[in-house]
Every structure is written in C-alpha cells, then in structure tokens.
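Read the single chain below, which is given as structure tokens and is the form predicted on its own.
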C-alpha cells in the first residue's frame, strides 16, 4: 500500500471528514474540468436553476456543447435535475426559440456569448446564446464554471467576448516526439500513428483549450523541420484539425524558411525569387486543400542559426510578406517571431529585436503579426517589458509568453506565472494614443489592439503539455496553461481572480482551501525570482540545459550565451549598465519609461541590476548595502518555499491524497534546489567581491569549485 492510500484509509477510519475528500484517487488528468459533485444543500439550488437541457441543432459544435453541458451537470448535480428549469443553447440561426427572443448579441462578437435567465410561461429558462456555434460552446464552459466556483446561476444576465483574436498555443514539439523545453513527457502528437489513429486524448486536449478560449495550436517546433510541410505530415495535421474543429480550434504549422531548397528542389530560398514565391503559393494551396480552415504559418528566421531572408540580403518584412501572399487568399496569417539576434556579437543583446524590427514598422502585410516575447532577452523569471511594445503602431504586434518553465525550475518548482504576465501586460509603455503624454498605454492595450487599432491581434504561449497523465508535469503547472488562456481572452484580467477560479475548479471551492492556496500561488513566482535572479539579475542558469545555477558560465561560442555577459560582476560591483552611460538600451523605450529606468531614485529595485552596474556597497532602499540586500533576497526565496511547504501541509484535508502527496514531494525538491541556487550564487559572487556575509546568513555548505563541477547529462527539454 502506498503512503497516500494508507493516509486516506486512516482519515476515513477516524472520521476526520473536516472537508470534502475525493471519492477516488486523482492523477490530475481531468484538469479544471473535474465536475465533482456539489455539496448537498447547494446542489438543490443549482438543480432548480439548471433543469433539463433542450435539444440543439444537428451541428458538430452544438452537439459538442450540449454533450459537455450534460456531462458537466451530471457530474456536478447528478443525473436527475427535476427542478422545473430548462437550459436552451444555440444561435438565432440554429434555434427559432432563440431567434424569437431577439437577444442583443452584437457585443458577443464572433466567439463570445450571452447568458440570460428568463421566465417563459412560469418556467425558468437559462439561455446560452451566441452568434456562432463556437460562441455557444464558450458560453457552456462559462456556465459550468459558475457552478464549479459556487456562484449564483439563478438570475444571470452576462455577456463576454475575447479581446484578442488569435489565442494560440505554440507547441515546441518535434517529429520524433521529443519536446524542446518540455518537462511533461513526450509530445502528445503521435506522428507515427497519425493520421490513421487519433488518440482520444486529442479530444480532451481540445475540450481543455476550448474551456479557456484558446482557438489555435501550432503543432510543431519553431526550430522546424521541412518534413512538416510534406504531404504525409500535412495529412497528419489534417487529422488533428478534424478533431479540433468542433471545438473552434485551428491548426497552424511552423515553417522552415529553407523549405524551397530542402523539399522543393530549388537552389535558393530568396523571398524575392519568383520560383521561391511560386513554391510557397503551391505549398499553401496544398495545405488548404487538406485543411480548409488552416490558420497559417509561424516562422523563426535568422535567429539561433535558423535560415531566413537575411541570408539573401533581404529583410524580415520581405520574408514575412512573401509567406503572407501565399496564405492570404485563403484567409491565413503569418506569425513572424521577433526573437532574433545576429551572428555578430552585439554590445547588448537586449537591443537586437528592437533594432531589427523598428525600422520596418508599416512595411509588413496586414495578415502578418510580429510575435514578440514579453521581454527582450529570453523568458527570464523577471524582465522589463519588451521595448517593441508601443513602438510599432503600424505593424500588428502579438505577445509571446512561455507557459513551460524553461527558466523557472522546470515542472518541479511551483511557480504560478499569472502575476508575471500581469506585471508585463499592465506595464505602461507611454506610447502616444491613450492619455496625456501616452500615460495609460499599457502593453495589454497594445496586444488587444486598442492602442494602435491593429487589424489582427495575437497572444501566443509556448505550451507546457506532454504525455504525463497530469498533462503538464505537475499539478500546479496546470494553472499556467489555464491562466494563459484566461489572459489571452482578456489581457486585463486579474491573475489573482484567475488563480482563485483555477484552485476552486481543480481542487476545492471551499474558501478554507482557496484562500491559503491562492495566496501561496500569488507569491510563488516572486519566491523563484528571489532565489534565482533577484533585483534584475538575469540569465544566470546552467549553460544550454538551463537547469540550476550557473553564474560562473563564461567562454564558448558567443559571449551572449554566458552568464558573465549579463551580470558583469567584478570586484567593484555588479549589474548591466543599460543607461546612456552604458549600452543605452533605455533609449528604446518612450522617454518617460527611459527616464524612470535610468533614475536610481525612481527605478523599482526589482529591475535595478537589469539597467544599472552598481558598487557592492550601494545603499538600497532597505538601508542595507547592495551585497547584503542580494544575499537577503536569496535567503528570502528559500524561506518563501518553506512557507509554501507549511501552507500545503495544512491544506491536506481539502485535497485528495494522491495529488497532495505529489505536490508535497515536488515542494521538497523545490526547497532543496532553492537552497542550492542560494548557496551556489552566494559562493560565486562572494568569490568575486571578497565581502563577508551579512550577519546571520549561513555560509554555503560546499566550495564554489564543488558547485561548478556539478554536471547534468540528459537533462529533459534539450
């Protein structure tokens, strides 16, 4: 008998039913769509409101919507719901009853919905209506979530619509089923068995995404293989598209820029060459014949060794527009990544994306979206917002977040990323367009198109999904998938409210659980920043695999692939000077933002060493010298994880033993590795500055040489 089973048995035998325990062990497969029974008293009220589900029109999506509603209500309220109410689903085009109601649906747009409670002949009717079938499906998931989070459903009148048009997962999945920066097992796409065999898990993947409004999936890695665009793999993508279509999810493919050479028999991939342009038009026609609603291409070009238009003396706009011409007649888009840096060693890699793209503002086709990472380096635990946001009013810009935790402890560290994303989205670019001197021009308003009137808007997230039964490698990493979808639907949503909904649906709606659990989640990312990269330090991870601390990493092929390039620690001080005295990266921001980042009296200390190289004795706002403050924050991160452990232990009565035990195990790993990060980092920086540790701080238990000798072959995700 496993310890978790023994614990369950002891609790039941002792009658310690202080909070609802699951009727069976859970492995996390059901995600936030668990639909576990509502408490007896509340169930009676919900049954009276819910009642029976009316028949729907015979369309694939409406049948899916009705089946999901029946499934959810049966799980939450039981099979018998005889309270006299009724739920009516559909569109004015599919339901004469809904058409007769003449509900205002304009605000719901193409994918949103309206839910309204009506009285029809003395009978309560809940109407879930939309202009399109997929809008109805989104409304069904919203209605079920209200019950899951124990909100009232007896007097509803709400309307909701996505603020961002394209809400996509980017799967960095390879054709051999490995996943770059994947920490949850193999790729869920079984390319070998496709298209003949479609795993039932694909349907559950589509259900989960539709429930949070995700409407697209890029199936293959941005470091793409041309094989993905050959006929056999197009057929495989078409099979997945058939599964996803009823859920309102389109498939996209990453396109390798050199495909005209590798699979087209040409000698060039020059985007201005007529034969190359003809190749891409023919390839687009071939794909759309197999997948009529194909979404388009994602492209990584001239970055980290990938081929691109600059190989031929052309621009990013030349390459993107060529592909846009190919997919445009079919309604497709091109997502062109702005994560680029040249072969030449830059003075500051943080400036590269802006420098390469800003000059071409207004030169990209209308069906091109330039996909920009949230920060200018590479998905660090904390980065200031990317300077391109607010700087390209004539070019559609989309946000790229990383859901998989490449730099935040893989799947074993609990780090809820909602606050990180909210921090970026709410950052003010001060770009002209909203208020006086641009005040109020947040990144969220750039991304959702309000600021510049973009014709196409995008939020993309690098997926953390794999074949693990819990999908994401750990229970709490599911929250990042969920939060991404919710913030893509509404970039101005509260990450705390999102966390509360996720915790209630995934574990328990009991406030004795959600209160402490959400507080733990909301502080978890800051804990990671503290024990990994406090006060604006960045890119201090182990070389290549990005596992564990490596502030000593130096040498090799490129300076900007090392840690010492970024922290620039020496006997005198630490930090990267990006002010006018240094690389002048601040000049890429609007003047009010640049002024705040440059001014030591105004800059938030969370960004201090990102923009300033300062003496070890610099007096921080706490009154402590910089060295003491850094060491204190490293230690604070460790204590925060210890606090998370204590919180989680106290939540055992509200969580099934299976999942509680896994989270407990992972928190123990996180605590040990947080301590490793703290000790190794302190040992290294102390070797540079020669300063004593602040009073009360424990010295690292190992020598710096011992930390440097640690090797980690076969690290996952490479």
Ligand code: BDP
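Residue numbers count along the first chain shown, from 1. Because the structure is a prediction, the values reported are computed rather than measured.
Another form, the form predicted together with beta-D-glucopyranuronic acid, is not on view; read the next lines as being about it.
Please check if residue 589 has a heavy atom lying within 4.5 Å of any heavy atom of beta-D-glucopyranuronic acid in the predicted complex.
-> Output for residue 589 is no: heavy atoms all beyond 4.5 Å of beta-D-glucopyranuronic acid.
Contact of residue 373 with beta-D-glucopyranuronic acid in the predicted complex (heavy atom, 4.5 Å) | Contact with beta-D-glucopyranuronic acid, yes.
Give a yes or no for residue 337: in the predicted complex, does one of its heavy atoms lie within 4.5 Å of a heavy atom belonging to beta-D-glucopyranuronic acid?
-> Residue 337 belongs to the contact set for beta-D-glucopyranuronic acid.
Look up in the predicted complex whether residue 210 has a non-hydrogen atom within 4.5 angstroms of beta-D-glucopyranuronic acid, and give yes or no.
-> So residue 210 does not count as contacting beta-D-glucopyranuronic acid.
What stretch, of 131-139, 175-183, 425-433, 257-265, brings heavy atoms to within 4.5 Å of beta-D-glucopyranuronic acid in the predicted complex?
-> Stretch with heavy atoms near the partner: 175-183.
Heavy atom within 4.5 Å of beta-D-glucopyranuronic acid in the predicted complex: which of 191, 552, 407, 244 fits that? Just give me the one.
-> In short, 407.
Answer with one of 233, 597, 379, 489: the residue that has a non-hydrogen atom within 4.5 Å of beta-D-glucopyranuronic acid in the predicted complex.
-> Contact residue from the list: 379.
Sequence order please: the residues of 565-584 with a heavy atom within 4.5 Å of beta-D-glucopyranuronic acid in the predicted complex.
-> Counting only heavy atoms within 4.5 Å of beta-D-glucopyranuronic acid in the predicted complex, no residue of 565-584 makes contact.
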